[in-house]
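The chain that follows stands alone, in the form predicted on its own, written as structure tokens.
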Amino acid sequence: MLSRTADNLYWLSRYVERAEYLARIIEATQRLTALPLAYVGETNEWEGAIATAGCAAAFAEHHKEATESAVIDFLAFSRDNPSSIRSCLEQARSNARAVRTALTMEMWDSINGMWLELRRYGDGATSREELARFLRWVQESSLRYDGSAYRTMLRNDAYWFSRVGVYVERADNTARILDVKYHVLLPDNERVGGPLDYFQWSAILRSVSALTSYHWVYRDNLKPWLIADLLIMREEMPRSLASCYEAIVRNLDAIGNAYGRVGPAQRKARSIRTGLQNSKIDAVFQRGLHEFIGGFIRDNNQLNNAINQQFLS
């Protein structure tokens, strides 16, 4: 496979995954801001949404204050934000066009349908109801694309590069939302375990489709260390860091076997997976969750660079 084709497939999957994640973040933030003031207090949840999306610096270049309308426009529809939902879907479609023959008919129809439907929204949603429909449509479209890839692609290098893109992006997203919850959302005058803390954790679990899973696994009230355990250590949780890296290692190994050699990307992925497997949640909290996640995000970015150098450039 040409490195350019692999690059298009890798980033196509990353952009679709990122668009779904942003839609979930906006939806979760809206749910939090709808709480009574007695629960919400003085926090600005929209600042948390910008921080979670990893584009606080870019947002500050265009807006002075993180208001609801400004954040929603920047994360969902802005052409000035290269990571907005609009930009992600447009770049996904551009990558898909470049590798049209590597996609199945169902995958192309899904991506092209997203792009055509996106144009209907113009410069943004005109009401909260239309925004809610838009966010739900983005999530459903991402699931449709992911399902069509899983169910129709031949298990070859095209499929493996596509899946690696999904899981590298998903791991980054899960890590960031955990980090922001601990260091941005809860204000200094609120106690851990209080009403605000509870509703923030509930919204975040919903944003990664993990609230029901949490209760199935732990059968307990929401507790920060158990939530961190679920989203970091539990391989049976599809969006956990451990689950993402199990899948990354498996697909990178498949690529290595197909091409008859193993390189820095495979070694880096295995190293990160081993680190997750050998970690205990108590030790993570003793060291500091922020420090642990910061190190993970750096490692994940280094893996992305290794994949680019080994396969995509």
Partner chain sequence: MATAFDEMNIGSGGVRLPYDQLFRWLNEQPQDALDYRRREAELIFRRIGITFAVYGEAEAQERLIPFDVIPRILAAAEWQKIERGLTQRVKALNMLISDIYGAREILRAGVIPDDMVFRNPAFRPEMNGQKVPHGLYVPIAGIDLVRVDADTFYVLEDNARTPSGVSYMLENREIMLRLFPELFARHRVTPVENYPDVLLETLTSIAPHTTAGEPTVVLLTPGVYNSAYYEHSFLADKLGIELVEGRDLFVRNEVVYMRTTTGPRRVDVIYRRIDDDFLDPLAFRPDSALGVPGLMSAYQAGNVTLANAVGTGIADDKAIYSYMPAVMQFYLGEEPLLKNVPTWRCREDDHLVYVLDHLDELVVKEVHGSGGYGMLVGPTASKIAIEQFRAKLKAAPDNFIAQPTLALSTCPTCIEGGIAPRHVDLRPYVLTGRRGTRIVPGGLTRVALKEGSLVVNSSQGGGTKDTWVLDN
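A quick note: this is a predicted structure, and the numbers were derived from the prediction, not measured. Numbering follows the first chain given and starts at 1.
Although it is not shown, the form predicted together with the partner chain is what the next lines describe.
- Contact annotation: of the candidates 157, 169, 179, 90, the single residue with a non-hydrogen atom within 4.5 angstroms of the partner chain in the predicted bound form is 157.
- Out of the listed residues 139, 209, 112, 152, 112 is the one that sits within 4.5 Å of the partner chain in the predicted bound form by at least one heavy atom.
- The candidate spot formed by 83, 284 and 290 lies out of contact with the partner chain in the predicted bound form, as no residue has a heavy atom within 4.5 Å of it.
- Contact check for residue 62: no non-hydrogen atom falls within 4.5 Å of the partner chain in the predicted bound form.
- At the 4.5 Å threshold, heavy atoms of residue 108 reach the partner chain in the predicted bound form.
- Within this chain, residue 127 is remote from the site of the partner chain in the predicted bound form, having no heavy atom within 4.5 Å.
- In the predicted bound form, the partner chain lies within 4.5 Å of some heavy atom of residue 97.
- Contact with the partner chain, judged by heavy atoms within 4.5 Å in the predicted bound form, is confined among 97-105, 130-138, 67-75, 230-238 to 97-105.
- Scanning 279-313 for heavy atoms within 4.5 Å of the partner chain in the predicted bound form gives 310, 311, 313 in sequence order.
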